[in-house]
Ligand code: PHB
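A lone chain, given as structure tokens: the form predicted alone.
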Amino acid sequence: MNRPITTARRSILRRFAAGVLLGLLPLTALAADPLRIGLILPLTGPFASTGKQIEAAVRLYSAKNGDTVAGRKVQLIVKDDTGVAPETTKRIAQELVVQDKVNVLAGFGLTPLALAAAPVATEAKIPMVVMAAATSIIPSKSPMIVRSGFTLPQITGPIADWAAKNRIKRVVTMVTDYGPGIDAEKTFIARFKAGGGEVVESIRTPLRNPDYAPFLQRAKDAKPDALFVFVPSGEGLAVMKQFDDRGLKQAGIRLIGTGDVTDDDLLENMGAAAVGVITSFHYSAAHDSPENKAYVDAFTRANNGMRPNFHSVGGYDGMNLIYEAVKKTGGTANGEALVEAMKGLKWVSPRGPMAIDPASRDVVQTVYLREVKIVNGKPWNVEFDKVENVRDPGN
């Protein structure tokens, strides 16, 4: 009598169980979806060294920490924006969002490119990790932006303070005429004057195809104690060569600046001409810490002896930021949740201690004073002082 009822119940239970399993299939598939990171970099053109350094560091981070985070396979989609056309960067960002369905946008070699992509991140509610572009205002252009690199005002203040305290009274400033350069110029002038110094002339050079010779001659003619320089990554070699050719050093003019001008990636090619240059910056390949020694060793071995520079740590720490945020969300790739998870993160980077300010979504880090010295036959940016927990002055 009970047998038909039992059979019926079993049939119902089997159908119910099958329905439950079918209902769970989309969730299982979702959990298995890869974490897609769209990396937009200048891999060709005048700023290709920036893209080369960041991509190498991003791949090194994945090789060291694994290509899976919180149960999700990490899929890297790398795109070249050539570094000179903001409309190209914006189009690539849109394609990555719509066609490739990325969960995170990252990279951004120069400020105009980051600013072009910001509205795309805002509209799509996708995190945008700025690994290189350094104008102060960038995070304010989208609530989805978090920076893992640096800002120009942040790293300029210490060299201005140092100059004012070290018998440098009269300075000419020479900066590239775009956002970061203007930030550097304004910060240096304000801090140097506050310390009692005089800026006798401010020179701005073009971003594209610059010839520094006439600008350096103007600086020499002004007879300052020092020339303060900011140029984008990749341009330091040309500045150093023409500074030497024009005889500014022989005329008693010191070269000071932000660390871009003595970029680790180019420093060996600068040779003796760079010796004695004083800069302030957030990273040196010569930074003396176990984390950095391991990083430099792994980076150079993975990249045919290439020395890592400051953009490389922007990429390396940007990947750490993404990985740690995904861990905090338990693998959820909701954009707003990821940005929230990034706020306040702290870790020890190859550059030293760093954190993400939860209010500004900008980086807080140590800034070092360095002098180019020959060590074991090669030039290095050797640190001799530091300022800890430096925020962007505008935050």
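What you are looking at is a predicted structure, and each value in this text was computed from that prediction instead of being measured. Heads up: residue numbers just count along the shown sequence, starting at 1.
The same protein has a further form, the form predicted together with the ligand, not shown here; the description that follows concerns it.
- Contact with the ligand, judged by heavy atoms within 4.5 Å in the model of the complex, is confined among 288-296, 303-311, 237-245, 157-165 to 303-311.
- Among heavy atoms of Phe228, none comes within 4.5 Å of the ligand in the model of the complex.
- Although the partner is absent here, Gly107 lies well away from the ligand in the model of the complex, with no heavy atom inside 4.5 Å.
- When contacts are judged by a 4.5 Å heavy atom cut-off, Phe150 counts as touching the ligand in the model of the complex.
- Remark: Pro127 does not count among the residues lining the ligand in the model of the complex, judged by a heavy atom distance of 4.5 Å or less.
- Of the residues given (Ala133, Ala121, Ile322, Met174), Ala133 alone sits with a heavy atom within 4.5 Å of the ligand in the model of the complex.
- The contact residue chosen from Thr187, Ser233, Thr89, Thr279 relative to the ligand in the model of the complex is Ser233, the criterion being a non-hydrogen atom within 4.5 angstroms.
- Shown without its partner, the chain has no residue in segment 187-209 with a non-hydrogen atom within 4.5 angstroms of the ligand in the model of the complex.
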